Each structure stands twice: as structure tokens, then as C-alpha cells.
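Have a look below at one chain only, the form predicted on its own, in C-alpha cells format.
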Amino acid sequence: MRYEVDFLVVGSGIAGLSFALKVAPYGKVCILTKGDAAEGSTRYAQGGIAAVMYDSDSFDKHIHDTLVAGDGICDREVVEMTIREAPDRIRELVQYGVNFDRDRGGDKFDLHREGGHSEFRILHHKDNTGEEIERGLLEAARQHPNIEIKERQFAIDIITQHHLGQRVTKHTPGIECYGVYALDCDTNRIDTYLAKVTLLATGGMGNVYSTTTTPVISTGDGVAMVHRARGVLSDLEFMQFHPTSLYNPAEKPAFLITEAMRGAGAVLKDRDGKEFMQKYDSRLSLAPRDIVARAIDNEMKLSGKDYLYLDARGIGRKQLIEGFPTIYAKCLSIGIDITRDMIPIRPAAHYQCGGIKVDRNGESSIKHLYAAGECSCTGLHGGNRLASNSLLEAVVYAHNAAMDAIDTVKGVGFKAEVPDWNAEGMVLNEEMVLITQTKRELQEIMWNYVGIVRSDLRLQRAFDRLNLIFRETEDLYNRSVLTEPLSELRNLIACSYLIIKMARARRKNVGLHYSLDLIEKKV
């Protein structure tokens, strides 16, 4: 099947939905999402969205906190722009129907504080903020007559001049996006979507690791597609590991214990019930995530244990149950009463700070192709994302991309000569059962060798083993009918390669990149 739309959006989280709602008055919008529309990283965001809303805080403080967390390599102009735009974007979310918690009087927002923040500035909806944002935006999108949401549609590749028979390399000037090929996961048919403007809002790549808080659909699809299309990518060595996921090995993804709980007074402790963060940072349990994650990782290795504890008992029973109902219920379901028991925790892969390189308008190096949200690299996060700046970045860049795309779409037509996907000669191979094992092997390689702490030897070993996995998988791809599991595996391999490549090129410990071979070079 062939489709033509003015605005094509791949992904239905905060970035994709915000963009769609803003461009919808100017043309036909189609949103492709490979799972259910409500499924994705946005709905799993517990903590909230950071913004300066009152005079007790200031833009300068938020800017400073972001720059400090980013370890000196943020784009300062991007940081200033994003943070100054924040209040307007928050007000728009409220207009779309998103509810944030308010104080007892109902006049002001109830604000949390998280690690790395010098003030209380996190807007939230209890401890399920992302789910509330997703609900509000999705309801608004479904009610708009110009927006069509198509579920279980897996974008496979960006369509460029390459698909017209031209040779395209990373040095080719003027690469253009004409839309995407997408797999209908219910029929296994590959459709052609032609678009004047395309936005990638495909989320992260947390599933390159064996332990992650990200949903199973976070397989780096957008980054991998841009890599194959020879677009510019940046900073993928900066993978953020959330310090506190619930230790429950049988569960995937790992359940997140929001940083807001530490902001409310929860304290990290070792297996003997003793505090340890004083050995690592004066900010203790509220130090930035890279520092806390490395501290926990080190304590686990020193003790030989698989988990440590987060002690939230000092917060108080009423505040725990009312302020963190999702976490309270989850822990209770596995026999942990957080009002009386400490919570077993360990770090888990959580958020990619790099991705598809975009300009201030969210446009990538490929013309007419925008990216927003976790799949993009704006320069806001630098070497380490400040807590709750991710949802903010997504909504700010979705807005900027929409404003630019509205102007761009006026002068762009459809590329009618784009051919349909050719699957002639492909077979459904029995060896597809190998995909599960290969994926598991890949995730273990990345966790053990390219995780919180790295070294030259670990990176080399990961690269060598990845090379073998890549060759085996490409051989399978070249002779098999394309399926969602095979496509996801290829994308995970591409993302793993990019993380390793950029980690090997980073010859200084900064932010989330920490190598044992570079310790003496740390300033």
C-alpha cells in the first residue's frame, strides 16, 4: 500500500503527539507507532517535567544546574533557549488537558526537587507524570480530525535518494527524506509512506542493555534508521543509568524508583543499612545521576552483592502512600512495605543523552527530516541529563520543529517515483529462532563491557564480539522475510556499534562516559 501525508510522525509519545497537534491545522497528519499508541517511554516517566514557574526560582539557577550536570559540554545557547521556553510549553500542556498536582490551595503547582536541582521545580502528577501527559495529549490527538493514528506500524527505513538508485554516503550533500517504509505488524506487509515532512520521535535505545527501565519497544529504531540513511549522529557514548531501579530480576523492564523519592528525603544505604554517599559527593543521595550510579556500582562490586537499598522510611507513611502511590503499590505486590522496609535497588540503563543531531528547529542533517525527544541530540544534556529535563526538551523541540515544518511543508511535494519495498526471493527462515538468543547475547555484552564503567579492553572485546553478531544477523536479513524481531535486532546492533565507536573516540572521562583507562586524565 502507498500513502501520502503532509506530516508523517513516527512515535506517539510526548514529542510526537505535541508536534502532531501543532501541525494538524496546516495539513494531514499520520502518526505511526509500532505498539499501542499509549505504549512508550513517556508513560513510564514517574518524576515529572522541570520548569521555572515562580519567583522563588530563576532561569539562571535552572540553566546553571543543567550546565553542571552536563559536565561542561552542553550547548549553552540551547540550554538557555529550552529553559526560558519552558513555562509557555507547560501552559500549553495544561491547555491540552494535562493535570499537574497543585498545592493545598489549588493556586500553585506542587513542585518536587530531584538530584542536581538547586530548587523545587519539578511539576508532577503524583508519581506517574508521564502517564498523565500521555493520556492528555493522546486524547487531544484522537479528537483532531486531521490526525490519524496507526498502531502496530513499524518504521523500517527512511526513504532517501538511495532508494531512487543514487549512491548516498555520509559525505553526500543534500540528502533528503521522502518518507518511510513501514511494516504492518498484523499483516507483515511493508507499506510506503510518502511525506512532505517527517518527524522521528522514536524514543531511546535502552534495550541494548540487559537491565533497563525502558519499555521493550525502545530499540533505537530512529537512530538506526538515520545511521543507515547516512545522517549525522552525536554523543551516543553518554548512556544514562538510573541509579535506582527496583531489584526484581524476573521483571523486564526494570521498575523505576523515581529520583523524586530521594528529593523527598529517601537515603541510599548499603546492605548493612549504612549510608555511603558521603564517600563520593557532598550532595549525598541528591548528587547527579552519573555520580550516584557509579557510586552504587562501586559499592556493589566491593561487597559482591547484586543490590543495595533505598531507605524511604523517614519520609513518613502518609506522604509515601499519597505522594508515591504507584511505587508503594508495586513494592507491596512483591512483599515490600516501603513504610517499614528498605527498597532493594540497582542501577539500570535509562536514557540516551545523544542521538540524531538536530539544529534549534529540530531538523536533522537530512532535509525535511526532524527529530525530537530521546532519539535526538540537541546539545541540552551534554555529558549527563539533569533529572526531568527530558520531557521538557521533548516538548520544546516538538514546538520548534512544528513551527519550522509548517513553513517548510508549503514548498515541498511528494516524490512519486519512490519504488515500493522489494521483498522478492525472501523466505521465512527457520533460523529466526536464533534472534532471541542473539539479542540476549548482545545485551549481556553491552551490560558487561559498555556499561557504567568501561575500559579500552572491555570496549575492544565488545567491538570484536559485536562484529561477529553483525555479520550473522546481516546474512539472515539478506535472505529472510522481514519481521519485527529481526528489524529490532538489526537496530540494536547498529546502536551498540555506535555507542562503542563513540566511547572509544572519547579520550577523556566526562559525564556518563567513565573509563578506567582515563581516570588519571579526569580534570
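All of these numbers come straight from a predicted model, not from anything done at the bench. Just count from 1 along the sequence shown to find any residue number.
The protein also exists as the form predicted together with a small molecule; that form is not presented, and the subsequent description refers to it.
- Residues placing heavy atoms within 4.5 Å of the small molecule in the predicted bound form fall in a single listed stretch, namely 386 to 394, out of 88 to 96, 411 to 419, 386 to 394, 278 to 286.
- Taking non-hydrogen atoms only, H242 approaches the small molecule to within 4.5 angstroms in the predicted bound form.
- Interface residue remark: Q46 is counted as part of the site for the small molecule in the predicted bound form, having a heavy atom within 4.5 Å.
- Taking non-hydrogen atoms only, N207 never approaches the small molecule to within 4.5 angstroms in the predicted bound form.
- Put simply, H350 is close to the small molecule in the predicted bound form: some heavy atom of it is within 4.5 Å.
- A heavy atom within 4.5 Å of the small molecule in the predicted bound form is found for exactly one of T82, T160, N400, T258: T258.
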